[in-house]
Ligand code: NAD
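Shown next as structure tokens: one chain only, the form predicted on its own.
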């Protein structure tokens, strides 16, 4: 039976979600809300949605499923608004927020006693691109799509959501909202604070030591890449998960102090153990499996500094979907650079490794 799905927020996530739903459920009617007319027009023109509005309340009563793909504060505001609308009986309401406790709490408070089913959700996928124009039907492929059930989630709700979102080709997982926020505070929210702090520290330092800007490549670039993230979104994330994030900051300060004391004492063994333990722990983690916001399958090629080397490799990979490519070690003094190529799945990675190894004499490393 065809359903009507209402997606509020036609940015990268909402628009890509619409494409994924259309892929497996072409008979479903998809309605879209967005304040910006430009995104509405793009979504309609590209067939992502069937009808669009800038009046959120107008389409809500028509929907079997409502997905709020909006900033956290606006999501909570719209949950309050939905509580006062005449919705379909048994309508499923979900969201796409990066923190979950505040949203689930709001749903349980404002939607209590209503004939609705609410389940929190966090699709852990993203891009540096934004807006409906950047929508990608494969954005969620192999990425975690996390559900955080509420007291308003009935037993069949998650099954219906998995069916609705089957075209996203995501990996669905269920977790408690508070535990979600604790985990993401460590592996997502706090790293953004670190990256931005390191960037700010370096910018100030470079005012007196100008060469710091020139030498900032390799590891520094990789560690600070996420400092370019949208500030409004990250402000709301930190303020909606403040207690847990403050705990992570305090814990990290203690760890920095321990390293500082070891350096001050000249404790070579402690310093060596510090680096060795971190190396082993990283190797043991599932960082290299597709499972989070920015995880991908990476291949590294030692390439000589010669004309058309990169073009030759890309020609070999014609027809293979790439996530990203860049040269590491821009401040190197030797004749070889490291070309890093990121793929969305293991199959493309294995194909690329075979093609480059068979057709060149470059050293290829998979991590």
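Owing to the predicted nature of the structure, the values given are computational and were not obtained by experimental measurement. Numbering follows the first chain given and starts at 1.
A second form of this protein, the form predicted together with this ligand, is not displayed here; the remarks below concern that form.
Using a 4.5 Å heavy atom cutoff, 9, 34 and 97 all lie near this ligand in the model of the complex. Residue 130 is the only one of 130, 244, 202, 154 with a heavy atom lying within 4.5 Å of this ligand in the model of the complex. Put simply, of 70, 60, 299, 30 only one has a heavy atom within 4.5 Å of this ligand in the model of the complex, and it is 70. Here the chain stands by itself, but in the model of the complex one stretch of 22-30, 319-327, 43-51, 62-70, 62-70, has heavy atoms within 4.5 Å of this ligand. Residue contact check for residue 74: one or more of its heavy atoms lie within 4.5 Å of this ligand in the model of the complex.
Residue contact check for residue 126: one or more of its heavy atoms lie within 4.5 Å of this ligand in the model of the complex. This ligand in the model of the complex comes within 4.5 Å of a heavy atom belonging to residue 13. This ligand in the model of the complex comes within 4.5 Å of a heavy atom belonging to residue 233.
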